[in-house]
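Okay, here we've got a single chain as structure tokens, the form predicted alone, with questions on binding and movement later.
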């Protein structure tokens, strides 16, 4: 069939043509927006799940929903060993710029921008003790404020900045939403500061929310930082699509192009993709290009599957595997040999004939790279669906 008309989109964070199976989460966020708009107390929101289940897509959809309500929005992607000070400053700068045209007092906006500039520039000194690590030139023409959000203590500064940003949103009768992707990668001290700032907002009722997305162990990361984080956020765990939703993700965009699938083809695609949204898109895109016409059949799936699996092996699995060191690869291969469910770290050590303590650097390196996560104390699991199957298929 015509590849130009191919509707499927297996890109990283790219919205699929049909966002199926996420109605519950969308309704939850709609409630959050409406409650904040009415001045009701509401928690910020956290979305968790494995790689490829559509967390970033959902985060971007939430952002679009907030923008439709004329909220100010900003988004950051957390990175290990990088403070969130500058990214948060940039994101809130964008959010307030969206609100500024509706504010009746330009002086109030300038006052906030002065605080924002001071916040961004108040990072810790470098090792020489001379220069600031987080010097920032965002094109703000106002001078940096003094005495507000500039102490250098991120918890104090972020709380003051959030309170001031929420005040600007209140002035225009709107809200601000800060979206944080890969939230589990925020450094521990910064996580603590972010939770403290959100806690202050929850008590004051300011119309600013933080919406985060991360791997399944993100709630444990937040809880380890602040014990009250379990009550601070509204958590939504997303997983693979059920059969009905997976079929909808395939059929709806195809039917808009006057193409359909036979029941056997849908059976074969669900078996291959296992309901994971990224895999659904990846297989469907290749199948479309291979199929001679409509309806798409189970034989088309059989012909296309090797090419789809080859693309996944290189782009989805292989690119992650290549990031690991030899010791980390040994650790992952041992995990794969033990099965696809979370495995005990002691069992991995036994599989490798090593002491558990000697494998801690490899395990910690894999967690830091986002390849595995600690499902619970003493257990580890892959962050990527079917990664164990991929590793078992590789030559020793």
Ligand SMILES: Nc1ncnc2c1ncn2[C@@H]1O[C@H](COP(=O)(O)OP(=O)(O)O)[C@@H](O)[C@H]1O
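This structure is a prediction, so every number in the text was calculated from the model and none was measured. Positions refer to the first chain, counted from 1.
Only in words, not in the display: the form predicted together with the ligand, which the text now covers.
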{"query": "Partner contact for residue 172 in the predicted complex: the ligand, 4.5 angstroms, heavy atom", "finding": "no"}
{"query": "Residue 363 within 4.5 Å of the ligand in the predicted complex, heavy atoms", "finding": "no"}
{"query": "4.5 Å heavy atom contact, residue 73 to the ligand in the predicted complex", "finding": "no"}
{"query": "Non-hydrogen atom contact residue 159 with the ligand in the predicted complex at 4.5 angstroms", "finding": "no"}
{"query": "Stretch in contact, per heavy atom within 4.5 angstroms of the ligand in the predicted complex, of 112-120, 274-282, 89-97, 223-231", "finding": "274-282"}
{"query": "Full three-residue contact with the ligand in the predicted complex, heavy atom 4.5 Å, for 318, 324 and 388", "finding": "no"}
{"query": "In the predicted complex, the one of 57, 332, 36, 45 near the ligand [non-hydrogen atom within 4.5 angstroms]", "finding": "57"}
{"query": "Stretch 1-24: residues contacting the ligand in the predicted complex, 4.5 Å heavy atom cut-off", "finding": "9, 10, 11, 12, 13, 14, 15, 16, 18, 19, 20, 22"}
